[in-house]
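Presented as structure tokens, the chain that follows is alone, the form predicted alone.
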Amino acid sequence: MSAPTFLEPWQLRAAFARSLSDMYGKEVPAYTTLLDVSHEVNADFVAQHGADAERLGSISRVTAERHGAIRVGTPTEMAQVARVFGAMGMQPVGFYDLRDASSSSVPVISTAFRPVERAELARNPFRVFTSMLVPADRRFFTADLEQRLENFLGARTLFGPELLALADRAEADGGLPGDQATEFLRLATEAFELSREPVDQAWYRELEAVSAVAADIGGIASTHINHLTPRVLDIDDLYARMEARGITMIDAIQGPPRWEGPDVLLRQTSFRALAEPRTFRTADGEIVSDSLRVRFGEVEARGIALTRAGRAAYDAAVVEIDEAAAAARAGDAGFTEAQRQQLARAVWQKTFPTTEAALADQELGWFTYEVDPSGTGVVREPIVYEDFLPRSAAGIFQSNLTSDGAKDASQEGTDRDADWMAGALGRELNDPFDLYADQVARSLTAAAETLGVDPATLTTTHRTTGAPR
């Protein structure tokens, strides 16, 4: 009798991403349409651009790529999520504070779970943006509401003991045998299915008055996938094709503008949250039907990862665009999104160089270096941005909210930072800049060893021996 199949973390990760995608497609049919259009756009882009289309990842990787988004309520739930994703080789990377990233009420902090090694990202880059409610923040919640929220959240169980035990075993043993892997994947997928249990109507509406995001997290006794995001090579083309199919998109593509230079960081958009039927329990115990708009169809286009200097330039450009757009709106009530994009392109053109070579020379973007086929020089390859932008994430959230909620800016916020998040998770929080820098350093060391030169010497010569595009 043959030994049972053993699934390594990356295989669990890939299988889980497929399982979630299948489940979410059944729950949200428009997501399947989004996948179909994404595949069409990517196929046409590859046909038009050839090898250049795979500059930031092979088409097989891009086609399989997904990022999910979930929301939890407590540090305990966050730590349990870390165990589940840890079984799949996904580590927490980065700290995102969405509380001040939007004019709407979005009272959450976040991290992203993803692979961190280059080889693991190439195998399957599945990542999950995971947000946690901050009930102690008085800008959003009174002391009384905080206490009731904590009581509600403390009484629920999102992840059962069997799932967590299998997750711990997978992380400790580097995977699971076939039968245990099957059960782990079943339980993990079920944990993120949309519950059909009736929702306490009064409680949900009370939280919704503060924040639709808070109600989605703390108003129900379960969690679920809020969106599952495919990656597309031309997000502007996808936006137009989705609208041509009669699917209402949000007003704008979040992130950098479309322009003639290298794509950097992350551009995102989505179709608007759909009204999904849900049952509610009224105060007198009656079960009634209604709908909620909390889940939407996001799609993303990824560009080159920026260094700290590049990110500082990006942040400054965003502020300049905001200020210029605000001034334009003040003078023209009919100021449009198309005009804002034109303004943004002008700012981009004076902030960033129009070639990858210049982006590398000015140390604004991250690149790896590999020995070329001749064995005498070095080829420079861009590092794809694997992370998220708090402003863009908040912008997507805000664009899909039914109301702005309530936020009392006169109150003091509650301090939450990367160290706090690491403590809540009970594990190290990776810094994305450090991860990118490590990729560069490893590539330089490997190339230098192959060429028999000092890595420091290599960094001074790669600009003339590489093959920039």
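Heads up: residue numbers just count along the shown sequence, starting at 1. Computed from a predicted structure; not experimentally measured.
Missing here is the form predicted together with a small molecule; even so, the following discussion is about that form.
Screening 313-321, 220-228, 365-373, 274-282 for residues having heavy atoms within 4.5 Å of the small molecule in the model of the complex returns a single hit, 220-228.
The small molecule is not drawn, but in the model of the complex it has a heavy atom within 4.5 Å of Q268. For F192, no non-hydrogen atom is located within 4.5 Å of the small molecule in the model of the complex, even though that partner is not displayed. Although the partner is absent here, A393 is a contact residue: one of its heavy atoms lies within 4.5 angstroms of the small molecule in the model of the complex.
In the model of the complex, at least one heavy atom of F388 sits within 4.5 Å of the small molecule.
Across the proposed site, H67, R71 and F296 without exception bring a heavy atom within 4.5 Å of the small molecule in the model of the complex. Interface residue among F129, Y239, F85, F126, judged by heavy atoms within 4.5 Å of the small molecule in the model of the complex: F129.
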